[in-house]
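Just the one chain here, the form predicted on its own, laid out as structure tokens.
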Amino acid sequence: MPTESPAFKIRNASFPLFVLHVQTAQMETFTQQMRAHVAQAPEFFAGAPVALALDGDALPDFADLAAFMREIGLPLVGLVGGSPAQRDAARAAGLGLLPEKPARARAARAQPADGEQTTPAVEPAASPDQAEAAIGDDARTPAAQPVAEVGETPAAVGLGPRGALVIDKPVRAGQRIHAEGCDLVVLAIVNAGAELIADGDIHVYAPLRGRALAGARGNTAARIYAQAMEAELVAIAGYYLVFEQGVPQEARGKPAQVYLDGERVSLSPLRPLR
């Protein structure tokens, strides 16, 4: 009798997602502001999975909230943390339950034998809702091989010596490049309609005409650098800036950096040192 082929496989995976911190119990105010927020950059947020984090003991109607989020194109996948009552209500509405501080699998560091040198094992990237993570060499080292998503994989993708994903071919419209757990370095043009995502910094040594999101896992210290700033949208740790009328004249087509100043995304030209 022939053996039946498995119908499915379950594998561990790590994907970036937005964590939406709800800071009001007034759902009418929340929905109005969310609609306006998403309307500023509908293509950027389209289909992005969202985890919900609640302030205080508010107990919203999770089923209605999930329906609203689907309506605006941000599917609600689960609840981060929360009180027992909130988690019970979220579970009843069919949402997943995520820990407030996800456990990080820590690699064991073996003790070297006498005279033997060992390389420390790499820890996985931080959780999606981690805020203000330090950007040092360790934080920029990826837990797994970064991937290029959507469209064809660029012709040259590799890891640089400091743990950066390096792209040396143009990024075309419709392509999305995600540098998971590290910086992203692009040595060629990023065309309009392309999207760059990095858990660390983004460096583009060519015109940046698409969208760029740095600090995708909540790293508020991340920055975006471009040799010629012509972006459609830039974002740092979920805070974004849309250039509906084009990049401001003082930075348009020039070397520039993007960084987070409090909760405001700032753009400033890079001037050579004299």
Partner chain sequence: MAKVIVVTSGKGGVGKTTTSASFSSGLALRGNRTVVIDFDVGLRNLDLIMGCERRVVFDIVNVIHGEAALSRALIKDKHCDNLFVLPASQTRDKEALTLDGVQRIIDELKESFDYIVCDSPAGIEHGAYSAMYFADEALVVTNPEVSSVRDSDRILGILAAKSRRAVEGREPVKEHLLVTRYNPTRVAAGEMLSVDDIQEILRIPLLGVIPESEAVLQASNAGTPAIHLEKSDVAEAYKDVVARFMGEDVPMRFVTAEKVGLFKRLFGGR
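Quick caveat, the model's predicted, so the values are computed rather than measured. Numbering follows the first chain given and starts at 1.
One more form of this protein, predicted in complex with its partner chain, exists but is not displayed; see below.
In summary, the region of this chain contacting its partner chain in the model of the complex, judged by heavy atoms within 4.5 Å and restricted to 196 to 204, 170 to 178, 82 to 90, 67 to 75, corresponds to 170 to 178.
When its partner chain is considered in the model of the complex, only one residue from L98, L95, I189, A164 comes within 4.5 Å through any heavy atom, namely I189. For R209, a non-hydrogen atom is located within 4.5 Å of its partner chain in the model of the complex, even though that partner is not displayed.
Heavy atoms closer than or equal to 4.5 Å to its partner chain in the model of the complex belong, across 232 to 258, to one residue only: E232.
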